[in-house]
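Encoded as structure tokens, the following chain is the form predicted alone, with no partner shown.
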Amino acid sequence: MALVGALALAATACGGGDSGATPAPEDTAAAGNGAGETTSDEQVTLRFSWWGSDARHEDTQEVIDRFEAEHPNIKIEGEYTGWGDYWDRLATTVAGGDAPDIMQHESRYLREYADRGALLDLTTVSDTLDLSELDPLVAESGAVDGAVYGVPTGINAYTLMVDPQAFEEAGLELPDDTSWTWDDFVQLAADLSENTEGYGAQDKGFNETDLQIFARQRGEDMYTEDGQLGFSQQTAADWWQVGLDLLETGGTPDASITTEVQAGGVDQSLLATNRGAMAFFWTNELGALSETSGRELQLLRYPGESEHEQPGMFFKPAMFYAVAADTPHPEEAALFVDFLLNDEQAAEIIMTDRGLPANTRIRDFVLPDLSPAEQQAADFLAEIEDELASPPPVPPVGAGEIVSIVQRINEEVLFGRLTPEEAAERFLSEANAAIG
């Protein structure tokens, strides 16, 4: 609710990211119309805000340096933080009329910021920002009510990551991921725990995307097109029951260890620390996890993809580039986004850090230079592309609160304070309140 209040303030606030004082006449003109405007030679300072790892920060600064070398009249000031702090910080700056000119965004929050008038409709800068080479599977993922508020940086899929070495040490074969069921997954996790010194799987209940895939397999979804919850209470209860089955059969660690692992983030995950054989992650995390674990991890399809009505997995925009509605320099901001999205100079640095490039020409450009892990992720996405059901709708206003609700209730289930049925009832109540 704090975000809603902050954005309400932002909708009426003036501001933008230019660090200068009184706008020059050219600034005033640039802030006006958008479509058909062109950049000028005036000195412009823009702020670009993103979240990510130290490696992403360093790479993004190198991209900025290359852009500034081509456009010496445009200075880009980078602002970055981790995911945990990013959204509070962005809400505060937007509310204060001091939004960054360009910002990294995420599907959970895109509609919320768009509906509050905080984001620029990018169709108004179409003379500068070329979106013609975007993968059709995600090309419209940043559209809200006919306007385009976000440009997808790349594509991802949430899927299962496994450690073949752990399977070998347990004397077990990798599953046939084209036909395995959720019951198979629970049994395999238990068998792995029994036959190794580690755990079969990491608990999966802290990310609502797992529930979304589970629901989509049953012909439901996380949200409907009109912004309501799209799954039944029984589906949510069944989903939490799978997590409880994993815990009770020893396939996942006890509740205390699981919460500690969850708090440690990706670098302290069971896979990263060689303490587990299976965990669910985004495909673009394969490279970092392989490097941290020192092992050649492998991607598999979700359990249950052929068990019910349809596959549940989907391509998701890894993240978006967006521009502040009140930036004094929409054309220059669009020029920088165009560089990030379409220029090979940027691509050879970013590679797949923000997902497999959404620009298909750029994707082809980076493919020959991918690391083995990145190449595996790219091959995996290509392999499942024709199997996927239709992409999910853009999440409604309030969707950013869902992840914290899921995480809190999941802990209650793991510690035995809620049954799956009670968890499902509470989740639907709180989630409905969050999205209105």
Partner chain sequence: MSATDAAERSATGPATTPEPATSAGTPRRRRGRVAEDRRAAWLFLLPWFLGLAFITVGPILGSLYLSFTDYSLLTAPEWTGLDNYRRMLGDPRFFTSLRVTFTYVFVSVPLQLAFALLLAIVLNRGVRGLPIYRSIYYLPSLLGSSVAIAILWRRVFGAEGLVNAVLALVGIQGPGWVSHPDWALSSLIVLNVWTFGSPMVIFLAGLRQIPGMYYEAAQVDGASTWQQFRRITLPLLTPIIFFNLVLQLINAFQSFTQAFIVSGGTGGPADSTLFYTLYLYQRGFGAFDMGYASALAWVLLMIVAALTAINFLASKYWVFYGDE
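Source: prediction; values computed, not measured. Numbering follows the first chain given and starts at 1.
Omitted here: the form predicted together with the partner chain. The next part is about that form.
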{"item": "Residue stretch of 74-82, 159-167, 254-262, 279-287 approaching the partner chain in the model of the complex, non-hydrogen atom distance within 4.5 Å", "value": "254-262"}
{"item": "Heavy atom within 4.5 Å of the partner chain in the model of the complex - the one residue of 387, 42, 411, 379 that qualifies", "value": "411"}
{"item": "In the model of the complex, the residue from 301, 363, 204, 116 that sits within 4.5 Å of the partner chain by heavy atoms", "value": "116"}
{"item": "Interface membership of residue 88, the partner chain in the model of the complex, 4.5 Å heavy atom rule", "value": "yes"}
{"item": "Close approach of residue 95 to the partner chain in the model of the complex, 4.5 Å, heavy atom", "value": "yes"}
{"item": "The partner chain contact at residue 239 in the model of the complex, heavy atom, 4.5 Å", "value": "no"}
{"item": "Partner proximity in the model of the complex: residue 199 to the partner chain, non-hydrogen atom cutoff 4.5 Å", "value": "yes"}
{"item": "Sequence-ordered list of residues in 384-408 near the partner chain in the model of the complex, where near means a heavy atom within 4.5 Å", "value": "401, 407, 408"}
